[in-house]
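Just one chain follows, in the form predicted on its own, and it is written as C-alpha coordinates.
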(Lines give C-alpha, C1' and ligand atoms only; values in the text may rest on other atoms or scores of the structure.)
Protein backbone atom coordinates (compact mmCIF):
# COMPACT_ATOMS: atom_id res chain seq x y z
CA UNK A 1 0.00 0.00 0.00
CA UNK A 2 1.34 3.51 -0.76
CA UNK A 3 2.64 5.57 2.14
CA UNK A 4 -0.30 7.35 3.77
CA UNK A 5 -0.30 11.00 2.76
CA UNK A 6 -2.87 13.73 2.19
CA UNK A 7 -2.59 13.61 -1.63
CA UNK A 8 -3.06 9.82 -1.56
CA UNK A 9 -6.02 9.97 0.88
CA UNK A 10 -7.71 12.80 -1.00
CA UNK A 11 -7.23 11.06 -4.35
CA UNK A 12 -9.01 7.99 -2.98
CA UNK A 13 -11.75 10.17 -1.47
CA UNK A 14 -12.42 12.03 -4.74
CA UNK A 15 -13.22 8.71 -6.42
CA UNK A 16 -15.65 7.75 -3.65
CA UNK A 17 -17.33 11.15 -3.64
CA UNK A 18 -18.63 10.33 -7.12
CA UNK A 19 -20.55 7.43 -5.55
CA UNK A 20 -22.32 9.49 -2.87
CA UNK A 21 -26.10 9.66 -3.07
CA UNK A 22 -27.21 12.64 -5.13
CA UNK A 23 -30.48 14.57 -5.08
CA UNK A 24 -32.01 12.50 -7.88
CA UNK A 25 -31.49 9.23 -6.06
CA UNK A 26 -32.71 10.66 -2.76
CA UNK A 27 -35.83 11.96 -4.51
CA UNK A 28 -36.49 8.52 -5.98
CA UNK A 29 -36.27 7.00 -2.51
CA UNK A 30 -38.67 9.60 -1.12
CA UNK A 31 -41.16 8.81 -3.88
CA UNK A 32 -40.81 5.02 -3.47
CA UNK A 33 -43.99 3.19 -2.52
CA UNK A 34 -42.63 0.93 0.21
CA UNK A 35 -39.59 0.54 2.50
CA UNK A 36 -38.51 -2.43 0.37
CA UNK A 37 -38.57 -0.23 -2.73
CA UNK A 38 -36.32 2.29 -0.98
CA UNK A 39 -33.79 -0.46 -0.31
CA UNK A 40 -33.92 -1.58 -3.95
CA UNK A 41 -32.98 1.93 -5.04
CA UNK A 42 -30.27 2.04 -2.39
CA UNK A 43 -28.88 -1.24 -3.69
CA UNK A 44 -27.97 0.56 -6.93
CA UNK A 45 -25.33 2.45 -4.92
CA UNK A 46 -22.48 1.22 -2.71
CA UNK A 47 -24.83 0.18 0.09
CA UNK A 48 -25.51 -3.36 1.03
CA UNK A 49 -22.74 -5.09 -0.85
CA UNK A 50 -23.07 -8.69 0.28
CA UNK A 51 -25.63 -7.72 2.92
CA UNK A 52 -28.80 -9.86 3.04
CA UNK A 53 -31.72 -8.50 5.04
CA UNK A 54 -34.56 -10.71 6.23
CA UNK A 55 -36.89 -7.70 6.20
CA UNK A 56 -36.82 -4.04 5.21
CA UNK A 57 -37.29 -3.33 8.91
CA UNK A 58 -33.73 -4.58 9.43
CA UNK A 59 -32.35 -1.58 7.53
CA UNK A 60 -30.25 -0.48 10.52
CA UNK A 61 -27.96 -3.45 9.88
CA UNK A 62 -27.35 -2.09 6.40
CA UNK A 63 -26.57 1.39 7.73
CA UNK A 64 -24.28 0.04 10.45
CA UNK A 65 -22.37 -1.97 7.83
CA UNK A 66 -22.01 1.11 5.63
CA UNK A 67 -20.71 3.22 8.51
CA UNK A 68 -18.23 0.48 9.37
CA UNK A 69 -17.05 0.46 5.77
CA UNK A 70 -16.43 4.20 5.97
CA UNK A 71 -14.55 3.75 9.24
CA UNK A 72 -12.32 1.02 7.80
CA UNK A 73 -11.57 3.09 4.70
CA UNK A 74 -10.63 6.19 6.68
CA UNK A 75 -8.46 4.12 9.02
CA UNK A 76 -6.66 2.78 5.95
CA UNK A 77 -5.91 6.11 4.25
CA UNK A 78 -5.63 8.69 7.02
CA UNK A 79 -2.23 10.32 7.44
CA UNK A 80 -3.20 11.39 10.96
CA UNK A 81 -5.19 8.87 13.01
CA UNK A 82 -5.20 11.15 16.04
CA UNK A 83 -7.28 13.66 14.06
CA UNK A 84 -9.64 11.16 12.45
CA UNK A 85 -10.23 9.61 15.87
CA UNK A 86 -11.85 12.91 16.89
CA UNK A 87 -14.70 12.12 14.49
CA UNK A 88 -15.14 8.59 15.87
CA UNK A 89 -15.16 9.88 19.45
CA UNK A 90 -18.92 10.51 19.31
CA UNK A 91 -19.44 6.75 18.99
CA UNK A 92 -17.21 6.10 22.02
CA UNK A 93 -19.32 8.59 23.99
CA UNK A 94 -22.51 6.90 22.73
CA UNK A 95 -21.17 3.51 23.85
CA UNK A 96 -20.30 4.87 27.28
CA UNK A 97 -23.83 6.25 27.67
CA UNK A 98 -25.29 2.86 26.71
CA UNK A 99 -23.01 0.99 29.11
CA UNK A 100 -23.63 3.31 32.06
CA UNK A 101 -27.38 3.07 31.56
CA UNK A 102 -27.16 -0.72 31.33
CA UNK A 103 -25.09 -0.83 34.51
CA UNK A 104 -27.61 1.36 36.34
CA UNK A 105 -30.65 -0.72 35.41
CA UNK A 106 -28.92 -4.09 35.56
CA UNK A 107 -29.20 -4.63 31.83
CA UNK A 108 -27.48 -7.32 29.84
CA UNK A 109 -24.95 -7.16 27.04
CA UNK A 110 -26.14 -4.04 25.22
CA UNK A 111 -25.33 -3.66 21.49
CA UNK A 112 -22.58 -1.08 20.92
CA UNK A 113 -21.38 0.88 17.92
CA UNK A 114 -18.29 -0.71 16.39
CA UNK A 115 -16.99 2.51 14.85
CA UNK A 116 -15.57 4.13 17.96
CA UNK A 117 -11.90 4.83 18.48
CA UNK A 118 -11.84 2.69 21.66
CA UNK A 119 -12.32 -1.08 21.64
CA UNK A 120 -15.73 -2.02 23.05
CA UNK A 121 -14.31 -4.64 25.43
CA UNK A 122 -12.04 -1.99 26.95
CA UNK A 123 -15.03 0.29 27.58
CA UNK A 124 -16.98 -2.58 29.12
CA UNK A 125 -14.09 -3.44 31.44
CA UNK A 126 -13.84 0.19 32.52
CA UNK A 127 -17.58 0.59 33.20
CA UNK A 128 -18.45 -2.83 34.66
CA UNK A 129 -15.18 -3.80 36.38
CA UNK A 130 -13.46 -0.49 37.07
CA UNK A 131 -10.51 -1.64 34.95
CA UNK A 132 -9.25 1.53 33.24
CA UNK A 133 -5.98 0.06 31.96
CA UNK A 134 -7.02 0.06 28.29
CA UNK A 135 -8.96 3.32 28.01
CA UNK A 136 -7.58 6.83 27.41
CA UNK A 137 -7.03 9.07 30.46
CA UNK A 138 -10.02 11.30 29.65
CA UNK A 139 -12.37 8.29 29.77
CA UNK A 140 -10.89 7.10 33.04
CA UNK A 141 -11.21 10.61 34.47
CA UNK A 142 -14.86 11.10 33.52
CA UNK A 143 -15.90 7.63 34.72
CA UNK A 144 -14.32 8.29 38.11
CA UNK A 145 -16.03 11.69 38.24
CA UNK A 146 -19.42 10.11 37.45
CA UNK A 147 -18.97 7.41 40.07
CA UNK A 148 -17.94 9.96 42.71
CA UNK A 149 -20.83 12.34 41.96
CA UNK A 150 -23.66 9.93 41.30
CA UNK A 151 -22.67 6.54 42.67
CA UNK A 152 -25.72 4.28 42.51
CA UNK A 153 -28.01 7.19 41.51
CA UNK A 154 -28.47 7.31 37.74
CA UNK A 155 -29.07 10.85 36.50
CA UNK A 156 -29.24 10.45 32.70
CA UNK A 157 -29.22 14.16 31.79
CA UNK A 158 -26.22 15.05 33.91
CA UNK A 159 -24.28 11.89 33.10
CA UNK A 160 -24.78 12.37 29.36
CA UNK A 161 -23.59 15.97 29.60
CA UNK A 162 -20.58 14.95 31.71
CA UNK A 163 -19.59 12.51 28.96
CA UNK A 164 -20.16 15.07 26.22
CA UNK A 165 -18.08 17.65 28.09
CA UNK A 166 -15.27 15.16 28.61
CA UNK A 167 -15.32 14.27 24.92
CA UNK A 168 -15.08 17.88 23.78
CA UNK A 169 -12.42 18.68 26.37
CA UNK A 170 -10.36 15.86 24.89
CA UNK A 171 -11.02 17.10 21.33
CA UNK A 172 -9.84 20.64 22.10
CA UNK A 173 -6.80 19.33 23.98
CA UNK A 174 -5.77 17.32 20.93
CA UNK A 175 -6.38 20.27 18.60
CA UNK A 176 -4.28 22.60 20.74
CA UNK A 177 -1.43 20.14 20.41
CA UNK A 178 -1.96 19.52 16.68
CA UNK A 179 -2.60 23.20 15.88
CA UNK A 180 -5.21 22.38 13.24
CA UNK A 181 -7.10 25.65 12.69
CA UNK A 182 -9.76 24.12 10.44
CA UNK A 183 -10.82 21.47 12.95
CA UNK A 184 -10.58 23.96 15.80
CA UNK A 185 -13.10 26.16 13.98
CA UNK A 186 -15.31 23.21 13.03
CA UNK A 187 -15.62 21.85 16.57
CA UNK A 188 -16.17 25.34 17.99
CA UNK A 189 -19.12 25.72 15.63
CA UNK A 190 -20.43 22.31 16.61
CA UNK A 191 -20.28 23.24 20.29
CA UNK A 192 -22.05 26.56 19.64
CA UNK A 193 -24.89 24.78 17.86
CA UNK A 194 -25.15 22.14 20.60
CA UNK A 195 -25.30 24.84 23.27
CA UNK A 196 -28.06 26.73 21.45
CA UNK A 197 -30.01 23.46 21.23
CA UNK A 198 -29.37 22.87 24.94
CA UNK A 199 -30.85 26.31 25.70
CA UNK A 200 -33.99 25.44 23.75
CA UNK A 201 -34.25 22.04 25.41
CA UNK A 202 -33.90 23.55 28.89
CA UNK A 203 -36.55 26.16 28.00
CA UNK A 204 -38.84 23.32 27.03
CA UNK A 205 -38.18 21.52 30.31
CA UNK A 206 -38.83 24.66 32.34
CA UNK A 207 -35.54 24.34 34.23
CA UNK A 208 -33.63 27.29 35.69
CA UNK A 209 -30.42 29.13 34.79
CA UNK A 210 -28.31 27.02 37.14
CA UNK A 211 -29.40 23.86 35.38
CA UNK A 212 -28.62 25.36 31.95
CA UNK A 213 -25.22 26.61 33.11
CA UNK A 214 -24.29 23.08 34.20
CA UNK A 215 -25.35 21.69 30.82
CA UNK A 216 -23.40 24.03 28.50
CA UNK A 217 -20.29 22.60 26.87
CA UNK A 218 -17.12 24.72 27.03
CA UNK A 219 -15.15 25.51 23.88
CA UNK A 220 -17.59 27.39 21.69
CA UNK A 221 -17.54 31.04 20.68
CA UNK A 222 -20.95 32.08 22.05
CA UNK A 223 -20.65 33.35 25.62
CA UNK A 224 -22.47 31.27 28.23
CA UNK A 225 -23.85 34.52 29.66
CA UNK A 226 -25.73 35.27 26.43
CA UNK A 227 -27.43 31.87 26.45
CA UNK A 228 -28.18 31.92 30.17
CA UNK A 229 -29.73 35.39 29.87
CA UNK A 230 -31.85 34.16 26.94
CA UNK A 231 -33.38 31.42 29.09
CA UNK A 232 -35.83 33.77 30.80
CA UNK A 233 -36.44 36.01 27.79
CA UNK A 234 -38.73 35.63 24.77
CA UNK A 235 -37.05 33.71 21.96
CA UNK A 236 -37.14 36.86 19.84
CA UNK A 237 -34.34 38.21 22.04
CA UNK A 238 -32.10 35.27 21.16
CA UNK A 239 -32.84 35.70 17.46
CA UNK A 240 -31.99 39.39 17.77
CA UNK A 241 -28.82 38.78 19.82
CA UNK A 242 -27.44 36.44 17.13
CA UNK A 243 -28.75 38.35 14.13
CA UNK A 244 -25.25 39.32 12.96
CA UNK A 245 -23.64 35.95 13.68
CA UNK A 246 -23.03 33.18 11.19
CA UNK A 247 -25.80 31.23 12.93
CA UNK A 248 -28.45 33.89 12.23
CA UNK A 249 -30.50 31.83 9.76
CA UNK A 250 -30.21 28.59 11.73
CA UNK A 251 -31.40 30.38 14.86
CA UNK A 252 -34.11 32.45 13.19
CA UNK A 253 -35.76 29.48 11.44
CA UNK A 254 -34.96 26.81 14.01
CA UNK A 255 -36.02 28.83 17.03
CA UNK A 256 -39.23 29.95 15.34
CA UNK A 257 -40.09 26.32 14.59
CA UNK A 258 -39.34 25.38 18.21
CA UNK A 259 -41.56 28.21 19.44
CA UNK A 260 -44.33 27.10 17.10
CA UNK A 261 -44.46 23.37 17.78
CA UNK A 262 -42.04 22.64 20.64
CA UNK A 263 -39.90 20.41 18.43
CA UNK A 264 -36.16 20.64 17.78
CA UNK A 265 -36.42 18.76 14.47
CA UNK A 266 -36.11 21.83 12.24
CA UNK A 267 -33.29 23.30 14.32
CA UNK A 268 -31.31 20.03 14.23
CA UNK A 269 -31.71 19.77 10.45
CA UNK A 270 -30.55 23.35 9.93
CA UNK A 271 -27.61 22.88 12.30
CA UNK A 272 -26.50 19.72 10.48
CA UNK A 273 -26.78 21.48 7.12
CA UNK A 274 -24.78 24.44 8.42
CA UNK A 275 -21.88 22.22 9.51
CA UNK A 276 -21.99 20.18 6.32
CA UNK A 277 -21.83 23.30 4.15
CA UNK A 278 -18.99 24.71 6.24
CA UNK A 279 -16.89 21.59 5.78
CA UNK A 280 -17.76 21.30 2.10
CA UNK A 281 -16.68 24.91 1.51
CA UNK A 282 -13.21 24.04 2.88
CA UNK A 283 -12.80 20.59 1.31
CA UNK A 284 -10.87 21.65 -1.80
CA UNK A 285 -7.44 21.93 -0.16
CA UNK A 286 -5.40 19.11 -1.78
CA UNK A 287 -2.90 18.98 1.09
CA UNK A 288 -5.06 19.28 4.21
CA UNK A 289 -7.44 17.39 6.45
CA UNK A 290 -10.54 19.19 5.14
CA UNK A 291 -11.46 16.64 2.42
CA UNK A 292 -11.17 13.76 4.90
CA UNK A 293 -13.51 15.54 7.31
CA UNK A 294 -15.84 16.31 4.41
CA UNK A 295 -16.10 12.68 3.35
CA UNK A 296 -16.73 11.44 6.89
CA UNK A 297 -19.49 14.01 7.36
CA UNK A 298 -20.93 13.37 3.90
CA UNK A 299 -21.34 9.66 4.67
CA UNK A 300 -22.73 10.26 8.17
CA UNK A 301 -25.20 12.73 6.68
CA UNK A 302 -26.12 10.29 3.92
CA UNK A 303 -26.82 7.56 6.48
CA UNK A 304 -29.10 9.97 8.39
CA UNK A 305 -30.98 10.68 5.15
CA UNK A 306 -31.57 7.01 4.48
CA UNK A 307 -32.66 6.42 8.09
CA UNK A 308 -35.17 9.28 7.95
CA UNK A 309 -36.63 8.03 4.69
CA UNK A 310 -36.91 4.45 5.98
CA UNK A 311 -38.55 5.58 9.23
CA UNK A 312 -40.96 7.68 7.19
CA UNK A 313 -41.89 4.84 4.86
CA UNK A 314 -42.28 2.30 7.66
CA UNK A 315 -44.57 4.69 9.55
CA UNK A 316 -46.54 5.79 6.45
CA UNK A 317 -45.45 9.42 6.75
CA UNK A 318 -46.28 11.53 3.70
CA UNK A 319 -43.56 12.34 1.18
CA UNK A 320 -43.94 16.06 1.95
CA UNK A 321 -43.32 15.45 5.65
CA UNK A 322 -40.31 13.27 4.88
CA UNK A 323 -38.84 16.01 2.68
CA UNK A 324 -39.23 18.56 5.46
CA UNK A 325 -37.03 16.48 7.74
CA UNK A 326 -34.22 15.69 5.31
CA UNK A 327 -30.75 17.21 5.44
CA UNK A 328 -29.01 18.49 2.32
CA UNK A 329 -26.86 16.11 0.30
CA UNK A 330 -23.12 16.67 0.06
CA UNK A 331 -22.79 16.36 -3.71
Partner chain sequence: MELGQILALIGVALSVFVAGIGSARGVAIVGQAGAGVVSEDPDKFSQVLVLQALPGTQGIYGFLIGFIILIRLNVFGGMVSVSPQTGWLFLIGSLPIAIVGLISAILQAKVAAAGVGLIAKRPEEVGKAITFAVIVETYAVLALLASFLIVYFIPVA
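Worth saying up front: this structure is predicted, and the values here are computed from it rather than measured. Numbering follows the first chain given and starts at 1.
Unshown form predicted in complex with its partner chain; subsequent notes refer to it.
Trainee: In the predicted complex, does residue 287 have a heavy atom within 4.5 Å of its partner chain?
Mentor: Yes, contact at 4.5 Å.
Trainee: Quick check on residue 172: any heavy atom within 4.5 Å of its partner chain in the predicted complex?
Mentor: Contact check for residue 172: no, nothing within 4.5 Å of its partner chain in the predicted complex.
Trainee: With the partner left out of view, is residue 18 within 4.5 angstroms of its partner chain in the predicted complex by any non-hydrogen atom?
Mentor: Yes, contact at 4.5 Å.
Trainee: Would residue 307 count as touching its partner chain in the predicted complex under a 4.5 Å heavy atom rule?
Mentor: So residue 307 does not count as contacting its partner chain.
Trainee: Just to make sure I understand: among 72 to 90, which residues lie within 4.5 Å of its partner chain in the predicted complex, judging by heavy atoms?
Mentor: Sequence-ordered list has one entry, 73.
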